[in-house]
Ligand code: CS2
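Take a look at this single chain, the form predicted alone, given in structure tokens.
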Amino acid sequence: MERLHPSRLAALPDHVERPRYDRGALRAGIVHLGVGAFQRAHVAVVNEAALHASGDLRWGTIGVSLRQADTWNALVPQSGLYTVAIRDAAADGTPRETLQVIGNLLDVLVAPDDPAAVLARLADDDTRIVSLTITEKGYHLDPASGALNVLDADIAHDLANPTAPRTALGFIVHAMQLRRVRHTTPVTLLSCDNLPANGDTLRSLVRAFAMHVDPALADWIATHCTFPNSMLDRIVPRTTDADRAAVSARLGLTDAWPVIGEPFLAWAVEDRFANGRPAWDKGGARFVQHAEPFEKLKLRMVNGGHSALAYLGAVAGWRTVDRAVAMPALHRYLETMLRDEIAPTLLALPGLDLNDYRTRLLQRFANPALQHQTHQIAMDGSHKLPQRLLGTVRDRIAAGRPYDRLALAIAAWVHYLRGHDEAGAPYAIADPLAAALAERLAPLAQSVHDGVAHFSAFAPVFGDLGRDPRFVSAVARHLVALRQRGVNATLEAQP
């Protein structure tokens, strides 16, 4: 089949949505660092709706791949076009899918191949928003303290090499230096990652990096850049070869890299933009004064629930989220943890019924059309758990309330790190601190309690939480149960 391309849009089947604006008139007002599946299935979808609704064509997107050329290889021959496949199932279990070709991605740059081009685009006067989806580990912060890790090799490299940075922070700060010298217009720096107060975190890290470059630059950034906090929510599983084949067959054209998503989409973003913004509220976003309540809701309920499910499910051999949540004991455990331990730590949101939210969340997890892999969610636990689970534990301890099911989720992560499931099937541990975690696990071979105490004393993940003997005992007790009884029996024994 021919490739998806602007010249072939008119040949698409009638059921496929496509751009209805003049792509040739689009200007690149947004540069997105970390142009991956989530950005293309969420941010770009909202931006597409905004373009259609408003007709304001200043908000095309240039994507930047910070590490690899795979996105460039797939999408540049398609002039940036790709398909979003939204999947779920009808009440009788019949699969459903809608297809939309997205047009607002104008180009993809590969940072290692041409860092100068990335810096030039970030410094261009047309660039009004720089957005990021680089995952937690891409911020190079100490997970426990939240401070910039200036000892990180890539950060040290970027401080010494302003014309050829490697990290998002390096590109941003050195590009802001160019904007400062050229007296370029103000810019919004917008984190779209799963971090508490992600905009405030980005501002702190950018300022810390800039202080090492030039304190005057840090002052300029404080005056000319804004850092809105935001919360984004949509489940986006990894695209498989089978997905590519199925989407291409329905298009009648080959799409080298479609993305898959669920129908649900949410985006709460603080309305603090330095130089204009798209009409994202026309595409499902909500502009708010403070994003913190929305962030905490998503991080703790959605991401915390996802992580607990992923570690328990992966160890049990339940490879997909829908398979895992269909297990009665796991479903009951998740529902109870969300209701009794996580929900009481959340800030009130007008019009939000937490019971209804919890019910809908479990229905989202049960979506059989997504085939979301538990091992995908389980990646990078050392950077995810501090905000997804450990912050909730701290709040429960401060309130003098129990956190038994949260402790089981953390024990499941420790159990997962052994690298094989209950049937003995091995899997790789994908974590930036994998070597340090493996070293910390060694004492568990002699004593579970002492081993958990040693493991939870690892400050980059646990901070001071590992010094709490009650926390250590709770995690150790659950780890013994997981080792001796297995996942399902341990969950069955939960009150």
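As the structure is a prediction and not an experimental result, all values here were calculated from the model. Counting begins at 1, following the sequence as shown.
Not pictured, yet referred to below: the form predicted together with the named molecule.
Annotation: in the model of the complex, residues 235, 302 and 306 each come within 4.5 Å of the named molecule through at least one heavy atom. Not displayed here, the named molecule is approached by residue 376 to within 4.5 Å at the level of heavy atoms in the model of the complex.
When contacts are judged by a 4.5 Å heavy atom cut-off, residue 203 does not count as touching the named molecule in the model of the complex. The named molecule in the model of the complex is not approached by residue 296, whose heavy atoms all lie more than 4.5 angstroms from it.
Using a 4.5 Å cutoff between non-hydrogen atoms, residue 384 counts as a contact of the named molecule in the model of the complex. Stretch-level contact check against the named molecule in the model of the complex with heavy atoms at 4.5 Å: of 146-154, 376-384, 268-276, 77-85, the positive one is 376-384. Note on contacts: among 131, 167, 194, 177, the single residue with a heavy atom within 4.5 Å of the named molecule in the model of the complex is 194.
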